[in-house]
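Two forms, one protein chain; structure tokens for each follow separately as structure 1 and structure 2.
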Structure 1
Amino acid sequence: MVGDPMTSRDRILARVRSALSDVPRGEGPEDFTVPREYERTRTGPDVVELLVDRLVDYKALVHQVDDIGNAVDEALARRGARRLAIPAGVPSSWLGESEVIRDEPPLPNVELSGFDGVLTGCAVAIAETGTIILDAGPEQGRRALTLVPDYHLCVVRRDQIVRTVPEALERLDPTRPLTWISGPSATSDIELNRVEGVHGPRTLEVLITP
């Protein structure tokens, strides 16, 4: 007589029971402290230089500037962009001569693609990974605002740049909506052909300021 064949579910559950066989009955996750003495930071190249290197490697456009307003005007002139959407909290000192529309009240999503781009700040930037993180703060706005327009111009202050991911996590509130950006939006199809702009802007330009 042949018994019922073991299903994938049975095999998975058997492995879980085996892995938990030495756990005392009644012990819960809160009864065990997970060691977290991993490396949180380290020394190395200047974080600004490292971030620039990583962003360029991701095909982002990067400039170190002193005057944000002039730098924004110059960036938009190079691109021929005239009409920008901006979060409600972007300072007026960042704005030059271009036409800007504040996302207050929120612009209809269907209209966002009609803008030449979006200008935002950021919450923190990670030098080692070339990642810029937005947390929907006043200078960053809601997620749709930065994902729909095809061009994202982002201002990063030097004091917002950290070296490692653990350092960035210590500055972030996990309850906020976080958007992690590593270069222009890109993905690869089944044949590994790179396709840019599928889930966000095809051009990311970063202004690093004092």
Structure 2
Amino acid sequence: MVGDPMTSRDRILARVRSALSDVPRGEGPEDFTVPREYERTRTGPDVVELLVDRLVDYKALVHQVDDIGNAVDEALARRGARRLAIPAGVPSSWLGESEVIRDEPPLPNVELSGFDGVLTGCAVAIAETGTIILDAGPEQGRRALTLVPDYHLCVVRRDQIVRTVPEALERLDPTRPLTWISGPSATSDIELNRVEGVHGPRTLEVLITP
């Protein structure tokens, strides 16, 4: 743009400022009040009970278990899954007899398609909405890992469960890549009929541990 030293950045910011000529000069962003009378937390049914109810509503499979290793073996046997991908940091105590391959060094994405499933932990779970949040921590791995295989087996510890959305955000680190999962992938695009599993894992199975 010869003879026009103004960049689009300058131009847009100038337009924004002139559009806002009605806003008093002295007003800072924080001077404009946001009422926050909504509830950041609530009381109600036990969070584990509530989470189970919401997960089942989304057609996820849910079990409350004591021995993770046993529960993993049982879940895989039920599903007929033999080859499992796992993030680098999944503790060995979670693994029973099943054949697992650690994502270390990272497996090529195309190869992830060939696995029967993936086993991970989580960062936070929200009881009221049935949401499990992954933050790419050592027990959860990179985002592709829980995306490409058709089956996601997820371990949720009781102390990772919060009741409300605000409580969850408080615990999360925004600089980490975050994936919020509320039930298996679903679409309602064809005459509004809900169909589970279009592109993500078609089955989500959750093991809740003490």
Partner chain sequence: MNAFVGMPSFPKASSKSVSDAQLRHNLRKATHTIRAKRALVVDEQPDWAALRSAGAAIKDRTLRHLDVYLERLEEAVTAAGGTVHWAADAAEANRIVTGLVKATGETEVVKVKSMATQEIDLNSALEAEGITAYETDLAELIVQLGDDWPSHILVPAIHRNRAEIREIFLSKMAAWGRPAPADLKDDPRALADAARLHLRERFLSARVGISGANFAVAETGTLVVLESEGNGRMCLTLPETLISVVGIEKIVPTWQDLEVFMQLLPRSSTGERMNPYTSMWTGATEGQTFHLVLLDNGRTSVLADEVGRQALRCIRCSACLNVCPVYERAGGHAYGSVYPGPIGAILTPQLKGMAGPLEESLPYASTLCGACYDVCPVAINIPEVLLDLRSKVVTRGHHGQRLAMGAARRVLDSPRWLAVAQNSAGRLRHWTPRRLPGPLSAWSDTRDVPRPPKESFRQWWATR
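Predicted model only: the values in this text are computed from it and were never measured. In this text, the rigid core denotes the largest set of C-alpha atoms whose superposition between the two forms falls within 1.5 Å. Throughout, residue numbering runs from 1 along the sequence of structure 1.
S.K.: Of structures 1 and 2, which is the form predicted in complex with its partner chain?
M.R.: That would be structure 2.
S.K.: After superposition on the rigid core, what is the displacement of the C-alpha atom of Ala14 between the two structures, in Å?
M.R.: Ala14 is displaced by 14.7 Å at its C-alpha.
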